[in-house]
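This document starts with one chain, in the form predicted on its own, laid out as structure tokens.
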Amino acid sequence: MNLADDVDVLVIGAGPAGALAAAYARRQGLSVRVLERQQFPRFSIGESLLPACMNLLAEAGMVEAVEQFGFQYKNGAQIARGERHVDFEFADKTTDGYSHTFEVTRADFDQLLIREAEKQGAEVHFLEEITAVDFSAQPRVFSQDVQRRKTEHRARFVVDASGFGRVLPRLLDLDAPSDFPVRAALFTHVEDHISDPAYDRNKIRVGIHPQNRQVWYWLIPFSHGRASIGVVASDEFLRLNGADADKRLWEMINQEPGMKRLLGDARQLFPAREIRGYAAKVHRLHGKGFALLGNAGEFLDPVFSSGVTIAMKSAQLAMKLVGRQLAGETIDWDAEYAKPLMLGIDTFRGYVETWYEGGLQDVMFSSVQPPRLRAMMCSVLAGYAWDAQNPYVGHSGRRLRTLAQLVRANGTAAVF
């Protein structure tokens, strides 16, 4: 077995959380090694960013590269139900910060970020699979490459940014049952050939199934006339067992009038793919010598595109603490990492729960919304789920349920 040089920080995974963690470490003068199981570029779902990501990218020294790459500009979201739709403009928010972001092909975006981390001095190794870890003393991580050569890595701290690979939760038995029911997503990419002049490519489109409000669709426009399309529903509703995935996807697309109209001339670019049971949770987000970032810790649901934002925010919060700890400070990881991170996660949780309950949809489509209320909701939809000055951050589920009751009783959200 080879013994690699010791580093200050070892990062598991080279996705957005791992790339930002590496950059934050380097900007504090720490040595950092990133180990990634796959070879980049590689396909990943989760293509719609939120404006709050831009602030985190700027802090990591990466925002200029993202701005210049040529990704599809995004300034808001459109929620569609039948022939009605409501638009949320990210500029109409209460929280300071970026009001735009991008729709990204993740193969390009993730490779761009990890290359930016390399430019800042991060050491990156692809095709290295983590096989074991030891946190009994100095953290040790054991990896194996495609030639089955084994390497021992010693670090002062380890962060797990392995996403749905969930390396440390798996190896350390940290997984916990998710609070969310099992749902599945069926999706592909298309050349969209959308000719409708009213269609706004600067917004993600979220469509609601006409008969089942727990079923929703995404239409994420990319630059160069392509798009990501998909549907999220229960396994029972998708009825995929034994069914042709492509056929079932287009059957589902054609059940939503707006998607059917917009994608009438679309050309599918690869066979439909499916992910199911993606909601994830852990017993704890940190331990002696390690912290979990992004999806390696908790993943809720794709409906509000919160995954990459949570991943980047976790990297920011964790790496500031890692730098302080390695400088000799004593860190309360519960108070300074887990609790602050969960503020935003629980905010998104309230939005996700009330979306599937139907209450948030009723609020969004209510005939009268005070501008201040709409702006506070828009801030969270833009990813600013850690703004404690916003009443719809933190106890969002309780407040949104109260709003939904008012809407159903009075037809408006005039009281909040």
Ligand SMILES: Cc1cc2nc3c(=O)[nH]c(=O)nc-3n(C[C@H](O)[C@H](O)[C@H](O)COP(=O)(O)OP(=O)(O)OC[C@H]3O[C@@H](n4cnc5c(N)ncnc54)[C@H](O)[C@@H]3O)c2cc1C
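So that there is no doubt, residue numbering starts at 1 and follows the sequence shown. Just so we're clear, the structure is a prediction, and the values are computed from it rather than from any experiment.
Same protein, other form: the form predicted together with this ligand, not shown, and the subject of what follows.
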Of the listed stretches (78-86, 282-290, 147-155, 307-315), which one has a non-hydrogen atom within 4.5 Å of this ligand in the predicted complex? 307-315
Answer yes if any heavy atom of E129 is within 4.5 Å of a heavy atom of this ligand in the predicted complex; otherwise answer no. yes
Indicate whether M377 is a 4.5 Å heavy atom neighbour of this ligand in the predicted complex. no
Quick check on D110: any heavy atom within 4.5 Å of this ligand in the predicted complex? yes
Closest heavy atom of R106 to this ligand in the predicted complex, within 4.5 Å or not? yes
Pick from G350, P51, G46, G359: which residue has any heavy atom within 4.5 angstroms of this ligand in the predicted complex? G46
Would you mind picking the one in V322, L341, I220, V215 that has a heavy atom within 4.5 Å of this ligand in the predicted complex? I220
Suppose contact means any heavy atom within 4.5 Å; which members of 176-198 contact this ligand in the predicted complex? A185
